[in-house]
Every structure is written in structure tokens, then in C-alpha cells.
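There is one chain below, alone, in C-alpha cells, taken in the form predicted alone.
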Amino acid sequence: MSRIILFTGGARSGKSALAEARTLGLGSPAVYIATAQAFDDEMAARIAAHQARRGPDWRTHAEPLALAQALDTTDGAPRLVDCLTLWLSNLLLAETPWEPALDALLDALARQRAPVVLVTNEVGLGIVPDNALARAFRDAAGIVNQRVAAAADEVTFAVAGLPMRVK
């Protein structure tokens, strides 16, 4: 059985729904490690819609920054981390160095006993951003995705709701 599973794709590609189904296929109840933060009404509505869609087979553990710690404290059940891109955004907004946090995440993934499914966005498929912050985010997201994909046992790219097995 795969221990670390990564789903990537563009916005609204269906990756979260695919990842949720894959996680529940590994056991129920599962733990949903949510990295999103509701800074405005629109994001609060998105979070509520995600929670309503998931239903009773999930326990939610909200953690916007300390992802490695969240994995360690929830080990024992299949976990879904949704998503690494928001986690990276949270780190950058908190002015927390992302490289050590990524190293800690990879160390935590290596010691997990129960499977971990992660969701991330593929942000480098569009045009080159026009400002330094956006370019720094895109570059950091690419590095995060590459390093997590290298550590993963399985990688799936979602396109139009369809899974394409990459690794």
C-alpha cells in the first residue's frame, strides 16, 4: 500500500474530490488536515462547502502552519492534507521561512505509520507573473511540489476531473 500520495493539478481540476475518495479508500474515519484560513466571507463559504461535502466519515484538523506537527499528532488514521499551496501561502504571509518548514514536512512524512494523501496546485503552467512576490511564490510552490513528489509513493495529476497517474 502506498504511504505518501500526492494529487496535483490546476484550480478546479477535481484534485480535491479525487484525493478525498482515495483517502477514504484507505480507511474510515479519515482525518482532513485543512490548511485554509477564512480571512474573508468568500473563503469562509468555501471552507463551509468543503466541510459539508465531506460528511461524517471525516474528522477535521485545522492547521495553517505547523503541518509536520499536525501529521505527527494525527498519525494512526489515513490523512488528507488540503492543500500544500495554501500552506505555503500561509507561511509566506506569516513571514515564516518555508524551506525549513518543507524539510520538517518531509521528515514527518517519512516517519508516518498511516497513509498521507496531499493536495497541491500546479501553479507553473501559466504565464510568468508580473511581480516579484508572485514569481517567488510560483518558484517556491514548484520546489515544494517537486520535493514532495520525489518523496511520494504515488503522484496523480488531475485534469478536468480525470486522474492521470504520473508516478
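The shown structure was predicted, so the numbers you read here are calculated from the model rather than taken from an experiment. Counting begins at 1, following the sequence as shown.
Note that the form predicted in complex with another copy of the chain isn't included here; everything after this is about it.
Q: Counting only non-hydrogen atoms and a 4.5 Å threshold, tell me whether Leu71, Pro97 and Arg111 all contact another copy of the chain in the model of the complex.
A: Checked in the model of the complex: no contact with another copy of the chain for any of the three.
Q: Indicate whether Ala134 is a 4.5 Å heavy atom neighbour of another copy of the chain in the model of the complex.
A: Ala134 belongs to the contact set for another copy of the chain.
Q: Contact between Arg138 and another copy of the chain in the model of the complex at 4.5 Å, heavy atoms?
A: So Arg138 counts as contacting another copy of the chain.
Q: Even though another copy of the chain is not shown here, does Arg46 get within 4.5 Å of it in the model of the complex, heavy atoms only?
A: It does: once another copy of the chain is placed as it appears in the model of the complex, Arg46 has a heavy atom within 4.5 Å of it.
Q: Even though another copy of the chain is not shown here, does Thr23 get within 4.5 Å of it in the model of the complex, heavy atoms only?
A: Contact check for Thr23: no, nothing within 4.5 Å of another copy of the chain in the model of the complex.
Q: Using a 4.5 Å heavy atom cut-off, which of 100 to 108, 62 to 70, 118 to 126, 30 to 38 contacts another copy of the chain in the model of the complex?
A: Selected stretch: 118 to 126.
Q: Counting only heavy atoms, which residues in 134 to 158 are within 4.5 Å of another copy of the chain in the model of the complex?
A: In sequence order, Ala134, Arg135, Phe137, Arg138, Asp139, Gly142, Ile143, Asn145, Gln146, Ala149, Val155, Phe157 come within 4.5 Å of the partner.
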